[in-house]
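Below you will find one chain, with nothing else, as structure tokens; this is the form predicted on its own, and questions on how it binds or moves follow later.
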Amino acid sequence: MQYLPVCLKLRNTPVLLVGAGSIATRKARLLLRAGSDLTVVAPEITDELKQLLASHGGTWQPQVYRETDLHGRYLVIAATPDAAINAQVSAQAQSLNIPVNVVDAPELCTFIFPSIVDRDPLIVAISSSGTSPVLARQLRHRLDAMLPAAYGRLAEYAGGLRSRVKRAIPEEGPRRLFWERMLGGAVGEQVLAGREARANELLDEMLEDTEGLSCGEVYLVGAGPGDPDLMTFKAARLLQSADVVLYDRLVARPILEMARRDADRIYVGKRRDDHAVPQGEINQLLVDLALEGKRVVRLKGGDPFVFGRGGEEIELLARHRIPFQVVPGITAGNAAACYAGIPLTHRDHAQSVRFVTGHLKDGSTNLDWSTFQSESETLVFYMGLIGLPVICKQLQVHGRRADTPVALVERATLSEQRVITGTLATMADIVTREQPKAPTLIIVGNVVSLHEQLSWFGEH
């Protein structure tokens, strides 16, 4: 992160703007809206800027820039067409430890202006760290369309309640939960609709009944196969509301970074024969944290209910009557097949698909191989890389043709995804040569023959 986003309070603060063209006028408009005590230094000035200064009490000094103009300033912006003057302003401001921005010259800036979505007092800022202002503006336009104008009214309404809510709910955890339920529920909807009287009635009812806030809640969230863009909106929203996040090794780092910055993160990942935290302890930890009043996200790669042991975790939660939600995620079988250009079903090749775990609870591959012999069925093996030689051998022993196509999808949906293809007869030797690493998914069936024709992700 090259820049730390902050919000500056500029009301009645002395700010210097060097330059008075169209770009400088846009900067002046923002600075004056923020209530700054703005001084513009320039030999000439636009009519619009002159009117802005007159209406907001700013000052124009009709002269060329001098170093003494910096004295007593809190913030400096250089927006002249002369690169030498802009560089001079930057160097002199930095020598005095005054934050300085030079328009269209990131290398001369100690701060930059973000693109802003203004729902005062709610402000959303988007920055590309100076690398692509056009991209930041495009994102601003999208957010501008997504956020109703009434969000400013909702932010102002919430601001007026802070002292009252703090007195009614002294503990931070329950209070945060109250705010989320209030802003995202009926009270918030009434404020957005302009019906504050009704909102106040509902608010009074919520504050009279805060007992339910003492117990936390657990969210079993499917993080999907790795690409953050494949998470659901609900998964992202709950992740950002969590007090504690329990995550495993299959959760990509960018997804974990979507959690609230002050949330506790607890690694409970497991590898084959190496369980950092035994499953029973994970189950109990979810209960203990919820009983402390925490909102807990159990973040799982793929889908919680597809070889994710989510069922075991919610059994204990239900036994202790702890509220929970399960948020499905895109399971690795679907995602790996899609990103590898392998349709799991196809009218000409496969009319069914079966998801199979590559090893059982005791680490074996003790499967009923005789049921896997239909040529019109695709088999998808999870966690089967170690047992792949056994899988290939047993499928052939029980009737599958030796030339049945097989694909291994390594690190599915990520930039380093790799697809390795072969057959039941050749794949074990190919794996020995190529040395793929977990997580790797195995797809067996005639649909794999479509990979070269339909693949689109990465290089093959």
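Keep in mind that this is a model prediction, so the values were computed, not measured. Counting begins at 1, following the sequence as shown.
Quick note: we don't show the form predicted together with a small molecule, though the next part is all about it.
task = Heavy atoms, 4.5 Å, the small molecule in the predicted complex: which of 132 to 140, 183 to 191, 325 to 333, 312 to 320 makes the cut? Say which one.
result = It is the stretch 325 to 333.
ask   = Do all of 21, 31 and 80 end up near the small molecule in the predicted complex, with near meaning a heavy atom within 4.5 Å?
value = No, none of 21, 31 and 80 comes within 4.5 Å of the small molecule in the predicted complex.
Option touching the small molecule, based on a heavy atom within 4.5 Å in the predicted complex, out of 243, 377, 303, 217 = By the 4.5 Å criterion, the partner-contacting residue is 303.
key: Contact residue in the predicted complex, chosen from 203, 367, 338, 383 - any heavy atom within 4.5 Å of the small molecule   = Contact check passes for 383.
ask   = Does residue 114 make contact with the small molecule in the predicted complex, using a 4.5 Å heavy atom cut-off?
value = Residue 114: no contact with the small molecule in the predicted complex.
inquiry  = Check residue 411 for me: does it contact the small molecule in the predicted complex (non-hydrogen atoms, 4.5 angstroms)?
reply    = Yes, residue 411 sits close enough to the small molecule in the predicted complex that at least one of its heavy atoms falls within 4.5 Å.
The small molecule contact in the predicted complex: residue 447, any heavy atom under 4.5 Å = Result no; residue 447 lies far from the small molecule in the predicted complex.
inquiry  = Using a 4.5 angstroms cut-off on non-hydrogen atoms, would residue 372 count as touching the small molecule in the predicted complex?
reply    = No, no contact at 4.5 Å.
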